[in-house]
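Let's start with one chain on its own, the form predicted alone, as structure tokens.
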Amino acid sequence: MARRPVEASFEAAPNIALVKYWGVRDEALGLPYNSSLSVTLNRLRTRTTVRFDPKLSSDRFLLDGEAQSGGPLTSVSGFLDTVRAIARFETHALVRSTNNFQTASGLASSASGFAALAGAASLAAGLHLSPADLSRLARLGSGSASRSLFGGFVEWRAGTRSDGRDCFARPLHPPSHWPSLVDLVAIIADAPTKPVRSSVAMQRTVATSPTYAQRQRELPRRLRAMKRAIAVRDAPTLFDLTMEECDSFRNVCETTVPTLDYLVPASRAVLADVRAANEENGTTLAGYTHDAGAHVHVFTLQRHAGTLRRRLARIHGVAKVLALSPGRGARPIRRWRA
């Protein structure tokens, strides 16, 4: 039996996938077709507080101080139903969440958001979940949230079981493994929010993209090669593989019917400029990637970061360039009895 519910707060950071998942074999359980690999980032964070309150007649969700309704509230309330079922009580909750970065813009706010919610809600419900169980729980809210629970370099194993017990993330290397690695995030001015939720868009890709099957055949090889490059801190190989993977992901999106085009002209200018910088230097000194959004992540080493950051900042449509590093995993902030 779970302990008496308490109020709890949790903090989690977004992650950027180097090997991406795009499509699930079981929508209810969030089981992906392929394993993925990511880097948890520093500086960006979501903080979430959950308080189960017998006085509430329904769940309430405040994001950055604004009461949410419709899809966002439905998603959070459905996630809380899972937590309540595990803890064996029915009390509604007040959820307060804040991001220090733009929501729904391709900076993985759903990953940090549901990782923080999983941590706060489980603690508030009096549950004591193992890291693997917490990862499985976060996966039910957002697949990439399963990775944001851990710091540094993280692998999310797709698994093969129909019940999802072997589908969870695990840390590969801590943030300190590669301290000279830098993620320059080109923040695109007036980046549009996603018109279609990723959970819907990816299943459209599975059903309609003529290149999706080929991508799935290529992914295991790319994942193994990228893990080797990270293990030995082989930057040129990692950056080449990162761009190859990003181009593959973008191809299946753009060949989806109707097409999924998450980039704007400034985004594409960043991709082109990274390719040009590599050609000018005669070596791969940087590698780009992006998720389902307009912002672009450019990985490089510390010794090249200053020059590249200034170069990217001059591109028309780039509002600013953040310099991030591998960051720590999710953590409780506070917990107290209601």
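All figures in this text were calculated on a predicted structure; none of them were measured in a lab. Position 1 is the first residue in the sequence shown; the rest follow in order.
The same protein also has a form predicted in complex with a small molecule, omitted here; what follows describes it.
Participant: Does the 4.5 Å heavy atom contact test between L312 and the small molecule in the model of the complex come out positive?
Facilitator: Outside the cut-off, so no.
Participant: Does T242 make contact with the small molecule in the model of the complex, using a 4.5 Å heavy atom cut-off?
Facilitator: No, T242 is distant from the partner.
Participant: Check whether R197 has any heavy atom within 4.5 Å of a heavy atom of the small molecule in the model of the complex, and answer yes or no.
Facilitator: Looking in the model of the complex, residue contacts with the small molecule include R197, since a heavy atom lies within 4.5 Å.
Participant: Heavy atom to heavy atom, is W22 within 4.5 Å of the small molecule in the model of the complex?
Facilitator: Close contact exists here: in the model of the complex, W22 approaches the small molecule to within 4.5 Å, heavy atoms only.
Participant: The small molecule isn't shown here, but in the model of the complex, which of 82 to 90, 170 to 178, 119 to 127, 136 to 144 has heavy atoms within 4.5 Å of it?
Facilitator: Of the options, only 136 to 144 has residues within 4.5 Å of the partner.
Participant: Which of L44, A292, L31, L308 has a heavy atom within 4.5 Å of the small molecule in the model of the complex?
Facilitator: Spelling it out, the residue with a heavy atom inside the cut-off is A292.
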